[in-house]
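Take a look at this one chain, the form predicted on its own, written out in structure tokens.
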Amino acid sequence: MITIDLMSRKPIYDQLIEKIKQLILSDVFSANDHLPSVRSLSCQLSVNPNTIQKAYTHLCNAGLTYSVAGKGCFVSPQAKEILGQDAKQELPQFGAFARRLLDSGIDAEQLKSLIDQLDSERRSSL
């Protein structure tokens, strides 16, 4: 379910944060779902536990997860809303970029096709 690319230049904790965000947005992880323990995820991914803990701490500080002493890390009930608000703030930038593409001669159908392709790839990677 959670995978990382050890050959990527992107830090492992960033990959982990992004993957968990994707899983929350796609409802693989729902509100109050228990995330894998630091130890189990560390073993599964062959990654230092401190790296996993760093990602979990970031998610907690962002309000996407919460911690229960002795129980672990859970998805916050507000996580999907928080991620949706973050994405909506990027829409004006996306609109400006799409406008530049349209102005440079890219057909609207090509843009729609690209978005459909990206959505399909995203769904298959989950």
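Just count from 1 along the sequence shown to find any residue number. Here the structure is a predicted model, which is why all the values come from computation and not from measurement.
Note that the form predicted in complex with another copy of the chain isn't included here; everything after this is about it.
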TODO: Heavy atom within 4.5 Å of another copy of the chain in the predicted bound form: which of G84, G72, G63, P49 fits that? Just give me the one.
DONE: G84
Open item on the list: Residue-level contact is defined here as any heavy atom of the residue lying within 4.5 Å of another copy of the chain in the predicted bound form; does D5 satisfy this criterion?
Closed with: no
Open item on the list: Against another copy of the chain in the predicted bound form, would V28 count as a contact residue? Criterion: heavy atoms within 4.5 Å.
Closed with: no
TODO: Evaluate R39 for contact with another copy of the chain in the predicted bound form, applying a 4.5 angstroms cut-off between non-hydrogen atoms, and reply yes or no.
DONE: no
Open item on the list: Residue-level question: is C43 within 4.5 Å of another copy of the chain in the predicted bound form, judged on heavy atoms?
Closed with: no
Task: Residues of 83-99 having any heavy atom within 4.5 Å of another copy of the chain in the predicted bound form, listed in sequence order - done: L83, G84, A87, K88, E90, L91, Q93, F94, G95, F97, A98, R99
Task: Sense of CA distance change between D119 and M7 in the predicted bound form, threshold 3 Å - done: farther
Task: Cα distance between I17 and Q117, which in the predicted bound form differs by 3 Å or more from this form, closer or farther - done: farther
